[in-house]
Structures are given as structure tokens and as C-alpha cells.
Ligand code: DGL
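Take a look at this single chain, the form predicted alone, given in C-alpha cells.
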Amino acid sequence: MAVGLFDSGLGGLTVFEAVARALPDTPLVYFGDSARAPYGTRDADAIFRFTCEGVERLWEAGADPVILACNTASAAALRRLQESWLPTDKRVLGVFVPMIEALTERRWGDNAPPRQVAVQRVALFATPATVAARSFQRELAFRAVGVDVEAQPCGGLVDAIEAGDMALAEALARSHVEALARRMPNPDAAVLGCTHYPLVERAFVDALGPEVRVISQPELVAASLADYLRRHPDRASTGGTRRFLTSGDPARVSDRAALFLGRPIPFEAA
């Protein structure tokens, strides 16, 4: 079986690249729902329905487990999906866990009561739907106490990245940092809570300043997946094949993906 990665569009390719580097012999299938992107301003029921359909498409392509390489899907759909929809023989994993591990310096299997951690003020940059779901704060509270999270809904940022307008995307990133700074001037750490945002990570880093630790997801998710597959060798396969599926126009999506990653990405119709 391959490992599947699902995103609302192209942002999950940042995670795909990190996973491919960490697990070069593992077959991977990526599905981006570009025809319905972005998810960040949609309601929770629509995100749940779209996410289930995307996961099913990856199962059809021979993928299990599936990584929701999309914070909006992880925030708005993952818990409901796991509790009420997912078959017992399938695994769907989200992207919040590695971030929480990095912030709290605790393994996810550590079920001890919440405790004080070094980071006390966290800036969360995410889509409006992710911010509204408050899943990050809820999961963090299971592991840590006394952490102040200030969330900034980054309207327009995913749209600009998906459109390939990186100048606009970088300007929007700076403006969202400025907006959050008025409410939390001196965060200890900042979380880029959308897999699109690493594409403009430098803009966030420069705007936040050198004192703020910026936590970006791709490498964290890749390391967490590698650990998961070590602990579940029955779900690990070899072969190193790569497939890229899209609900959008394959030629157009391939062109935009190549612009982001600097190399050809051959998408095919889902």
C-alpha cells in the first residue's frame, strides 16, 4: 500500500516533498482538491464531505494510511471522520499532532496530565475555518497548561498562493503578522497552521523577527509519519512510486505546482 496525502489544493505538496525526502522508498499518492479550493472559508459540513470524498479517492488509488496534509481538513473534519465514518481497518492521520509534540516536547503517546511547558505565548496563523474550529487549542490543552494562544485568521493568503501571486501572498503574510502583533506583541513561538504557508515562510520569519521560533509543518509531519511506519511495519511498503491526482484541470495544476516547487509535477485527473 502507498501512503496517501490529501489537501484542498497545492499546499500539501510542501508535506509531500518532506515525506518524499524522509521516506524515499515509500510509494506516495497525492490528491489535491483544486476544483473546490480553498477550504478555509467553507462551513464544517462541506469540509467534512469533501475530505471524506478525497480520502475515498486515495483509497481507490491504493493508499492507506492517508495523511490529511491540510490543517483546515484536520481541524474541521478529522475528529468527526475518525469517530463516525472511518472503517476500523483504515487509518487517517492529521497534521496537528507533530506541531503539538514540537511545542510541548511530549510524545503523543504520553498520557500524563497536562503540565507547564517552556512556551507560554503562541501565535497561530491559519485559515478562518481552522481558527473557528479551535482544534489546535483543544489538542494543546490536553498536553499543556498556561499556554496563551492568539490565533490570526489569514484571509486571502491561500487564494493568493493557489493563484501563483507570490508577491501578494508575501504582502498578506506580513499584514497578518502585523494584525496579530497588535494583540500579542511578543510571542514565544509562531505556528504556521496551514500547509500552504511554508511557501511564504520567509515572509513570516522576517515579519516576526529573530526572537520568535517559527514552527512549520512539513518536516515535523514527515518525521512523525516515519515514526508511525516504524511502529506499524504492516503498513509500510516499498517501491518509491509517485502519483499526483487533482480534481482540477491537470495541465493548469501541474503548471502551478511546478512554479511552487521549481520542478515538473505531472498531475493526472482524479
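All values derive from a computational prediction rather than experimental measurement. A residue's number is simply how far along the shown sequence it sits, counting from 1.
Just so it is clear, the following notes concern the form predicted together with the ligand, a form of the same protein that is not shown.
Looking at 138-146, 188-196, 86-94, 171-179, which lies within 4.5 angstroms of the ligand in the model of the complex, counting heavy atoms? Selected stretch: 188-196.
Give me the residue from V122, L103, V158, A133 that has a heavy atom within 4.5 Å of the ligand in the model of the complex. Comparing distances to the ligand in the model of the complex, the residue within 4.5 Å is V158.
When the contact criterion is heavy atoms within 4.5 Å, does G54 count as touching the ligand in the model of the complex? G54 lies outside the contact set for the ligand.
Any of the heavy atoms of Y39 lying within 4.5 Å of the ligand in the model of the complex? So Y39 counts as contacting the ligand.
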